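A lone chain, given as structure tokens: the form predicted on its own.
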């Protein structure tokens, strides 16, 4: 059996790429975080993941060390923009995140930058999460716990209008009207529609959840960054959200979710965009 930890990874890119928001770097170059309620400390050596704390099997699965990066790279579009992102982000992986934690986090992500999403996520953990021995931050609270919260206490965590959506979703799940785990069996188009029945989940957020929690690697979340990148690829031709989504899936290929994540992270990492079509903030 192949050792999963022989697979290449760019740990910093993976954890800084806007798909997860609670991990933090340590002075020695390692990273600390939680997978559910399990404290984890990992580092990178020779482009390989090194486990310093936590269950190796759980960590290997969470970091998707079985994703075939060589195959994914071979499927990248040949245009210069995609190839530049591939070169810059080699080893970045899309995580397998817990369904509820990912769903809740991206419900709070609407119209917010990565730093703001992280701040809200940590505030929710601090206010409602259970302390975890060996971790500096609490676990993300269950939907049963958040269902008992008030909208005002959620707003105190910096959520603004997102507090109402998170609270309604938590209560819907606590009442048993929908099971996030059972949705895994649905085909992607059906699953996307199911997720969009949740308060605060539109197409973009649904695609984030599809990609980061349900491992639908062809899902393409289209935010401001990706929208402008797609416009550049289309020669400046805009379109409806549905048209751009169809174009993205066709243009970016079978691993479109990976391609968009590399494009997204690469664009954000540039101090100055090389193309006027890309955002500069």
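Keep in mind the model is a prediction, meaning the values are calculated, not measured. Residue numbers count along the first chain shown, from 1.
The following text describes the form predicted in complex with the DNA, which does not appear among the structures shown.
Stretch 203 to 211 is the answer when you ask which of 73 to 81, 203 to 211, 123 to 131, 171 to 179 has residues with heavy atoms within 4.5 Å of the DNA in the predicted bound form.
In summary, among the residues 41, 228, 216, 249, the only one with a non-hydrogen atom within 4.5 Å of the DNA in the predicted bound form is 228. When the DNA is considered in the predicted bound form, residue 198 lines it closely, a heavy atom lying within 4.5 Å.
When the DNA is considered in the predicted bound form, residue 26 lies well away from it, no heavy atom lying within 4.5 Å. In the predicted bound form, at least one heavy atom of residue 116 sits within 4.5 Å of the DNA. The closest heavy atom approach of residue 99 to the DNA in the predicted bound form falls outside 4.5 Å.
Along 157 to 189, a non-hydrogen atom within 4.5 Å of the DNA in the predicted bound form is carried by 158, 160, 161, 162, in order along the sequence.
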